[in-house]
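Listed next as structure tokens is one chain, alone, in the form predicted alone.
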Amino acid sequence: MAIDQNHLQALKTISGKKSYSDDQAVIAPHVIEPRGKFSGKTALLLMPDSKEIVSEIVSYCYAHDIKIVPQGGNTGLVGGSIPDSSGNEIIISLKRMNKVLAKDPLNHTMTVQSGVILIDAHKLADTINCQFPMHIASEGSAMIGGNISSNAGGINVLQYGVMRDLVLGLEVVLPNGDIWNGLTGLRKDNTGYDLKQLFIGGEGTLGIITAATLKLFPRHKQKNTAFVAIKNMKAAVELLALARDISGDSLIAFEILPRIGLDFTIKHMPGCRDPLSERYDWHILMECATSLERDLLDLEAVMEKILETAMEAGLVLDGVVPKNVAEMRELWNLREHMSEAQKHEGGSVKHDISVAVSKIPEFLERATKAVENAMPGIRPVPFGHIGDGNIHFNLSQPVDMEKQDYLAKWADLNRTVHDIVVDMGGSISAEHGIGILKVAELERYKPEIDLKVMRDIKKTLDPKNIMNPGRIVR
């Protein structure tokens, strides 16, 4: 049943004249996710600019059983911020809640509203001689609230952790409209349950995050990058351990790039080229950084020592070290454009998995063999954050297969890969979340006690099931 027009008018009145749209042309970008896999519809897009208005909207929806889909930058890849096809869910976009609430350089924290774009958070931290270390490919449009709700990862997890590790406090509008103020800059607070952790990674199913206090770090004064070829995945894991040991734990990023992914990127993405003159099957892009000045620690010498030791041990076959920032940017473009490049090769079935770092070689061997047996001609493109055990095990379609025929096998290929991941004690969702895409998969693999606890939490905080219903748990 469609939402009553009286309710829609009431919500418009609460939001204010400039804070809503029922124009489907304006709404259109908000009802489809970046890959086009999920799309829906809504009668109303609300864009409040304060926690008080968010609270009023949610209170009204709670009283009248109106379903809500919270939305940040809409960069997610699992359908968690997209309304369903019924048209009975409204969208609350946080994009107008983009104010800076506080900066505390001595405490190394800043407090911002949830609509602040991630790249702007980087710039804000820079103004107080600090850094916010979360870096993802979509940082030019992803918003802090969405990063928190999805517990985003990115390239620097190896050193700084996921979003869960970077949040000190939250402000949240609960499903009944109450405002919970948990904004704090404390690193130690042992006064019972850590309530903010319920909402980090909660994908908007337990409340709407309206502001956050974020942990900051000293700015990097030195950064050194290397792009190297390795002989196999065992060498990759051994190189990771060696680099961490030699670097004094200044290694902040360690990414795997396969030959096929590199070929796709060079072929389809402008300005991308192979940094090495010879062709190799596997490559590592690694980066060390420190807040120490060079007279205290020569990071260039550290990287040279890593590469020299690795080559002597036979772990590294070839490599290049950029001479300037522009060359370093070219190397990172190869990694950051790798996902986009796969779109040009037809259908791509995605997997965002993690296993223990030590088990990555075994996983790649087992999973590659399994999908190739299941579908001859399939083209695995495993890449990503090997430093923290997170592999994007993407599968491009066989060249002689129709795209829709291939994508129809999505669930079967997921099952093949996820069975192996779970058998190895891994996770079927390392950093992208569950959303709509993986609800059934979560039910298949998560222990029943885990699902029961999650459902009980959901029922306690959101007994009417109005907040992003059907995402994570049903």
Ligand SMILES: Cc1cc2nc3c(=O)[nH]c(=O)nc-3n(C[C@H](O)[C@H](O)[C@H](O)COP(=O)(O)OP(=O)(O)OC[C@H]3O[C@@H](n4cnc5c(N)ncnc54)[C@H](O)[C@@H]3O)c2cc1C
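Because the structure is predicted, anything quoted here is derived from the model rather than measured. From 1 onward, residues are counted along the sequence shown.
Although not depicted, the form predicted in complex with the ligand is the subject of the following passage.
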{"query": "Contact assignment for the ligand in the model of the complex, among 169, 382, 154, 389, heavy atom within 4.5 Å", "finding": "154"}
{"query": "Contact assignment for the ligand in the model of the complex, among 353, 209, 288, 243, heavy atom within 4.5 Å", "finding": "209"}
{"query": "Among 43-51, 58-66, 425-433, 444-452, the region lying within 4.5 Å of the ligand in the model of the complex by heavy atom distance", "finding": "425-433"}
{"query": "Partner proximity in the model of the complex: residue 159 to the ligand, non-hydrogen atom cutoff 4.5 Å", "finding": "no"}
{"query": "Partner contact for residue 149 in the model of the complex: the ligand, 4.5 angstroms, heavy atom", "finding": "yes"}
{"query": "Touches the ligand in the model of the complex: residue 80 (any heavy atom, 4.5 Å)", "finding": "yes"}
{"query": "Residue contact check: residue 143 to the ligand in the model of the complex, 4.5 Å heavy atom", "finding": "yes"}
{"query": "Residues in 74-94 with any heavy atom within 4.5 Å of the ligand in the model of the complex", "finding": "74, 75, 76, 77, 80, 81, 94"}
